[in-house]
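Just one chain follows, in the form predicted alone, and it is written as structure tokens.
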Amino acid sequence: MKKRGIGIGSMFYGIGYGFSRQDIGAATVEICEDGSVIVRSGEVDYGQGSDTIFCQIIAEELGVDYAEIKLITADTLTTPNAGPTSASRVTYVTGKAMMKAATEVRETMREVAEEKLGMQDLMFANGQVFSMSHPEKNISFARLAKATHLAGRSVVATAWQDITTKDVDPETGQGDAYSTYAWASQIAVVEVDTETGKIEVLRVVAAHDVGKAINPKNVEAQIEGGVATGLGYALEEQILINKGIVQNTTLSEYMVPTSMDVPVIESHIVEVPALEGPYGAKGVGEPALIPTAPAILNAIANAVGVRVTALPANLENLHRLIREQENNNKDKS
């Protein structure tokens, strides 16, 4: 017999390191004489999309084409140390450093533009700098960059963002351990075959507070990837250890979900701006996977009345729990 159930999982997650552990991001922005933009940072994009976010932030602040920005990352010779790429902190911390550095060089260029155009209500957009009240008074970003260089003004800036927090009270455990938190709830719909113990996740609905979605498609991809990871954590992935030695050392023995295993995922982006983040943004990488397993386990309990307390809830483990429940019910009757 196949039975369906619905479960909810909710979580909050501290962004960054917290607890008085150093948490600093850094970025350097340089405007070259021809108007090209070079950005340097020690952060690493290993698939989470931070390079895309960084270029978007710089493009927004300088009013230049996103595709024209040259980004140099993780070069220990030339990039400022931005801290590890972990703890869902990169957009929140180094993204804000990017914003600060871009703002500094923009304001230097603004001063030169004000002198040349004789206007103060200037806007940087679409590769131009122009007066909002008199748009005919304008100068291209490239020409302004050259003029700024010729004026002997420095158009390179390094900015730091420090979100290091105080530790909590050692006596009470109270205090603001983190600079900000991510919040999320997910709903899972599952179908359980009570004869075999096979579980199929049919649908996951995920609502995540991301502060501000600088790139909504990127955020949705993070959520979907997190749900897929949480699915494996809940149902398949199991490390087998014998006398301290891992037995399943290959992916043929350590099962992870494939695209065929991933259910329909419905993502809902909730935007509650974080004061310290760039444009209010904060991290979503790790928060995306945390609620998935609890939601699935709650859905299993709702479907068959069996509470799984040790992961994974794979076919063998759930089949055993269902049989144990049936035997207990027989003994009681």
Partner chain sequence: MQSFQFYSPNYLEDALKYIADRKQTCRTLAGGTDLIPMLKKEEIRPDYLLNINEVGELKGVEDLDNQVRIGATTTFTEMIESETLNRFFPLLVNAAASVGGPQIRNRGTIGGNVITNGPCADVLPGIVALDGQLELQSKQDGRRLVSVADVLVTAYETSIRSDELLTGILIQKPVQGTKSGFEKLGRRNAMAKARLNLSIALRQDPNGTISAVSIVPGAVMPVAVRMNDVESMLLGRKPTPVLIQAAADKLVEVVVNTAGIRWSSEYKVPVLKNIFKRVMWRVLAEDPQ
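Residue numbers count along the first chain shown, from 1. Computed from a predicted structure; not experimentally measured.
This protein has a second form, the form predicted in complex with the partner chain, left out of what is shown; the following refers to that one.
The three residues Glu200, Glu236 and Leu315 all sit with a heavy atom within 4.5 Å of the partner chain in the predicted bound form.
The candidate stretches are 253 to 261, 155 to 163, 104 to 112, 139 to 147, and the one lying within 4.5 Å of the partner chain in the predicted bound form by heavy atoms is 253 to 261. Ser133 falls outside the set of residues with a heavy atom inside 4.5 Å of the partner chain in the predicted bound form.
Using a 4.5 angstroms threshold between heavy atoms, Thr196 counts as touching the partner chain in the predicted bound form.
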